[in-house]
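Next up: just one chain, as structure tokens, the form predicted alone.
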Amino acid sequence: MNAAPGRAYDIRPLGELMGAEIEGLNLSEALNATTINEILDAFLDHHVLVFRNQNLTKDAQLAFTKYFGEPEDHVHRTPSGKILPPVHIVNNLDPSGKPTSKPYTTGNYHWHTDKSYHAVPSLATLLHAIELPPAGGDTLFANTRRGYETLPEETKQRIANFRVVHSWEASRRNTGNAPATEAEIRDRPPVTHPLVRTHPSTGKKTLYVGMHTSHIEGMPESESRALLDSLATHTTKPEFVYTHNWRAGDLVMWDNRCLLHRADANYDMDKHRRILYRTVIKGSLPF
């Protein structure tokens, strides 16, 4: 939609499947109830919102995040063992601040939905581009509602009541990163969620899969892993994916309840810095 009469900003779709860009809003300024509701409507319609030309401090990003829910805490810790703050930095830097192709963690380069290893996982994530490579460093989003809708009916019936164990420990193992620490496992023990999740706002069914999954309850491990990987491969087919090519000043907000996402290492990570601010909004118990 373009700017409505009396409205200073535009909302324009970026594709038929998902994604819309919003121009003309300064997110550093207070928003009124009408604007917040229009953003929420667009969020449910498009799943990924791109707010162009923003220049937000961490405090301003946190204030904007709070319009849509309670900011989430984080289980992931820094190499020194500190818990990440509500607004933290996503980057490809080594401890000395130099760009590297071997960052402390590479989990964000694998398909996942944020915080599914929480008993009450995330509603939305917000990333604000602070420093970008000259090209590449994209973020890909896969529509798990379309993934579910295009499954054979036989498969839908088979998986309808399956429950899946998610954990930070499994996430670290699945991505080849350093094992979860005792403190991290204590902070976030394994949880179970339905494999087929119902979006609480739209009522649409989605596939709740990704790198944080361990296994399906009551199923042999090898069979379980094969099915989870197969479903993840299906819902991340190119026709179900939107690739976001970052621009300076973008703030991207997406719906973790119906999307998988991952970063793309399609740039010279040893040469160029990629720095973004991240906040996450607490969601509701999956059903």
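The first residue of the shown sequence is 1; numbering continues from there. No experiment lies behind these values; they were computed from the predicted model shown.
Another form exists, predicted together with a small molecule; not displayed. Remarks below refer to it.
Student: Within 4.5 Å of the small molecule in the model of the complex: all of 114, 127 and 278, by heavy atom?
Tutor: The answer is yes: all three residues contact the partner (heavy atom, 4.5 Å cut-off).
Student: Give a yes or no for residue 269: in the model of the complex, does one of its heavy atoms lie within 4.5 Å of a heavy atom belonging to the small molecule?
Tutor: Outside the cut-off, so no.
Student: Would residue 263 show up as a contact with the small molecule in the model of the complex if we use heavy atoms at 4.5 Å?
Tutor: Close contact exists here: in the model of the complex, residue 263 approaches the small molecule to within 4.5 Å, heavy atoms only.
Student: Is residue 274 close to the small molecule in the model of the complex, meaning a heavy atom pair under 4.5 Å apart or at it?
Tutor: Looking in the model of the complex, residue contacts with the small molecule include residue 274, since a heavy atom lies within 4.5 Å.
Student: Can you check whether residue 87 is within 4.5 Å of the small molecule in the model of the complex, heavy atom basis?
Tutor: So residue 87 does not count as contacting the small molecule.
Student: Counting any non-hydrogen atom inside 4.5 Å, which residue from 175, 214, 108, 122 sits next to the small molecule in the model of the complex?
Tutor: Residue within 4.5 Å of the partner: 108.
Student: Considering the small molecule in the model of the complex, find the one stretch among 26-34, 222-230, 42-50, 255-263 with heavy atoms no farther than 4.5 Å from it.
Tutor: Only one stretch qualifies here: 255-263.
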